[in-house]
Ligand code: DOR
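Coming up is one lone chain in structure tokens, specifically the form predicted on its own.
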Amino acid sequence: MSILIKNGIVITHKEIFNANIFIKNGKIHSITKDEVKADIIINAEDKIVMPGVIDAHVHFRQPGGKSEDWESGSKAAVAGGVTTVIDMPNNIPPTITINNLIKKKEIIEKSNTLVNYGLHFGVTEDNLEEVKKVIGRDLKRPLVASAKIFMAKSTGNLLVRNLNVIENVVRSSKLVTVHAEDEEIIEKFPSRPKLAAISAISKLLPFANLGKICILHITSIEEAKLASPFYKEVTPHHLFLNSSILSKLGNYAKVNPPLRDEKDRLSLWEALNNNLIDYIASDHAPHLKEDKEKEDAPSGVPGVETMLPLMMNAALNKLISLQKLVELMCYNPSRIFGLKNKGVIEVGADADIVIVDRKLERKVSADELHYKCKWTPYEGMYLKGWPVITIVNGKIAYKDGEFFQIKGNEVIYE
């Protein structure tokens, strides 16, 4: 069915303008001032119309986990204005072989997945040949978004200490994403200080000219500056929370790398507005309450549904421009990970669009979010600027609290 979004305030990474957007056959067919006949007409007057958010770092926990699945995770995503996610490989079993990759895709295809999806592929110290088969430089089209390296232990058992292995993966792959904390430092200092991140990034610097590397979840401007040769990701929890909240939330605020002090948190905003950060991703990593309340609790917080409202509230409070928001959450993730026809509002692009009511203020409540884990570290925060309609591949997936039975597609890499 065709859709006309009329009278909206269209925001791209380049400009802000008023226009009507006509959607047909899953694509943006035209951007016009004219009224066009359509099966569905959406009046977006005084609302923001922007590309669907691309969350390039989620853990939907399937296969093997209980704290999220592709139905609950994708509902949370579209309710938060996210139309494409890229899922991490530290599952049970981990996505470190082509066989496991195929099985994971089969699970996703059989589930009620409302979002488009891509996958990262896990790196071990002895699976280089598997990595080459899915994201090797000789491939015309990669099968995954990146080869993911854990330089420190996190959820799951993936860990690569050998720098020669890392060098060979960087040389062989089209893109490598890295959890950059130094395991040797962490063994001496279990609090995972900033030194662990700085040391890991320093170890990667000699490989900067060998291939494309992306450093995940940067926690300070020092790391961002040191990682200048690389792509750099930042998360909402490092932008909006600091280590002082640990006294209130305890293990519910335990993440890897950990929350830093207020000075470092503020420095991330400086980095963001000085073009030292390339994109924002949620690192949506839910765990059940019963696990978070254990003494040796796992690390991670849910975040895919609140990421855009947090950033939109920040933009409306002039902490960041709306165009910069779209650049960091839509355009840049599409460009970095080579997602064809994503992250833009242009004729011929996939019709992945979110409509945001910039006047809608809501109190964050776990009871109203759609996570399977049923908690959020942002409980009680008031945020202005919530998605009211999310369109995936030219079909309405979410509207005013209601979900529609559509099917997300696997992304195509350029």
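A residue's number is simply how far along the shown sequence it sits, counting from 1. Every value quoted in this text rests on a predicted model; they were computed, and no experiment measured them.
Below, we turn to the form predicted in complex with the ligand, even though it does not appear here.
A single residue from the set Lys75, Lys342, His179, His120 has any heavy atom within 4.5 angstroms of the ligand in the model of the complex; that residue is His179. This chain lacks the partner; the member of Ser172, Asn256, Thr124, Asn251 within 4.5 angstroms of the ligand in the model of the complex by a non-hydrogen atom is Asn256. The ligand in the model of the complex comes within 4.5 Å of a heavy atom belonging to Gly300. Using a 4.5 Å cutoff between non-hydrogen atoms, His287 counts as a contact of the ligand in the model of the complex. Although the partner is absent here, Thr235 is not a contact residue: none of its heavy atoms lies within 4.5 angstroms of the ligand in the model of the complex.
In the model of the complex, at least one heavy atom of Phe150 sits within 4.5 Å of the ligand. Just one listed stretch, out of 369 to 377, 38 to 46, 56 to 64, 343 to 351, contacts the ligand in the model of the complex at the 4.5 Å heavy atom level, and that stretch is 56 to 64. Contacts between stretch 143 to 164 and the ligand, counted in the model of the complex as any heavy atom lying within 4.5 Å, involve Phe150, Ser154, Thr155, listed in sequence order.
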